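Below you will find one chain, with nothing else, as structure tokens; this is the form predicted on its own, and questions on how it binds or moves follow later.
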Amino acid sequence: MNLNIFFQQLINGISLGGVYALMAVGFGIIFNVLKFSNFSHGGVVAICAYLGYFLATRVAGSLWITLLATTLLGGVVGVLVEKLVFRPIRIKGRPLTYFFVNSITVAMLVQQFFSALWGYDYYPYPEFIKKTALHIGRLVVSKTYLMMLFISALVLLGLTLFLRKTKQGIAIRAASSDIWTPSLMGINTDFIISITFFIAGVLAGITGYFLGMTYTVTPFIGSFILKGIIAAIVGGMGSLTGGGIAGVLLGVVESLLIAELGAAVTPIVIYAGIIILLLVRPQGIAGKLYTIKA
């Protein structure tokens, strides 16, 4: 691999890794508060990808308007999922197995719904940027990828500040240590959980939109959540920062390996490497479990 291709793939990998980081943080923040693997996050990503496509092709052709609308709608979808699917079993004090099963069921339900409604066709987003490439010397960099990188970094920075500086953010961090104790101190736990799902939904909205722009929209687009889950685990399930770093690293490694080894061999190398990493360091990069570190 020559130097130009290396740097080009590096930039593309960092940009795509930013999207993986958003998925990892969206998955991880729910895990930290309610302590279950929320596979329904993939379903929310798929819903938002279709919503973004519909808005971009039928309502408004503006990139920023449709991205903002999809992001906010993603937050609403996240809250609805919490209220309709998870809150009833949480109020009844059901074991975590119920949450896990319901989350998988939601993801499968969304996939089958879109398959039945629109089939397995591919739906490409409109081309928002006419000149899609930016030439920097001999490098040819995608403007879409650069935009994804900038927005992902901005969103993750904003979330970090929110968790550190606001009362709601501090309450979420407290709930990640013990979901029951904050209620004894006058904190509305239901409201905090709703905010957490809203944040996860917002991240899913941005993720779904970016994945739709980068690839195409299909009923299986929610399966990309697997990359976010891997990043969350490798980064350390108790650390949002670790998940974000692992997401970027995963994107970079994936991009470089695809350029060098091809798309068929790359997943084998990555998954084998992750198994070895977790055998050596099972707590992940950050080394903290069950406590949010923003």
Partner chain sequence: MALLEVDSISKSFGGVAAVKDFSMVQGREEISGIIGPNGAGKTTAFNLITGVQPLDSGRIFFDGTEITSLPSHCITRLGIARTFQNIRLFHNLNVLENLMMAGGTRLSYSTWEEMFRLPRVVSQEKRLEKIARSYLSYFHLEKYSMQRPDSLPYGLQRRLELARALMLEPSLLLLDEPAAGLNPREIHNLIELIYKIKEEKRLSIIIVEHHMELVMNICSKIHVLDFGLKIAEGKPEEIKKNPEVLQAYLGEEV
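Numbering follows the first chain given and starts at 1. Only a predicted model underlies this, so the values are computations on that prediction, with no experimental measurement involved.
Heads up, the form predicted in complex with the partner chain isn't pictured, but that's what we're talking about next.
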| note | Per contact check vs the partner chain in the predicted bound form (non-hydrogen atom within 4.5 angstroms), the hit among 216 to 224, 186 to 194, 73 to 81, 200 to 208 is 186 to 194
| note | In this chain shown alone, the residue from Ile170, Ala153, Leu146, Val140 with a heavy atom within 4.5 Å of the partner chain in the predicted bound form is Ile170
| query | Which of these residues, Trp118, Phe162, Phe100, Tyr123, gets a heavy atom within 4.5 Å of the partner chain in the predicted bound form? | reply | Phe162
| Taking heavy atoms and a 4.5 Å cut-off, does Ala174 contact the partner chain in the predicted bound form? | yes
| request: Although the partner chain is absent from this view, report whether Asp178 comes within 4.5 Å of it in the predicted bound form, heavy atoms only. | output: yes
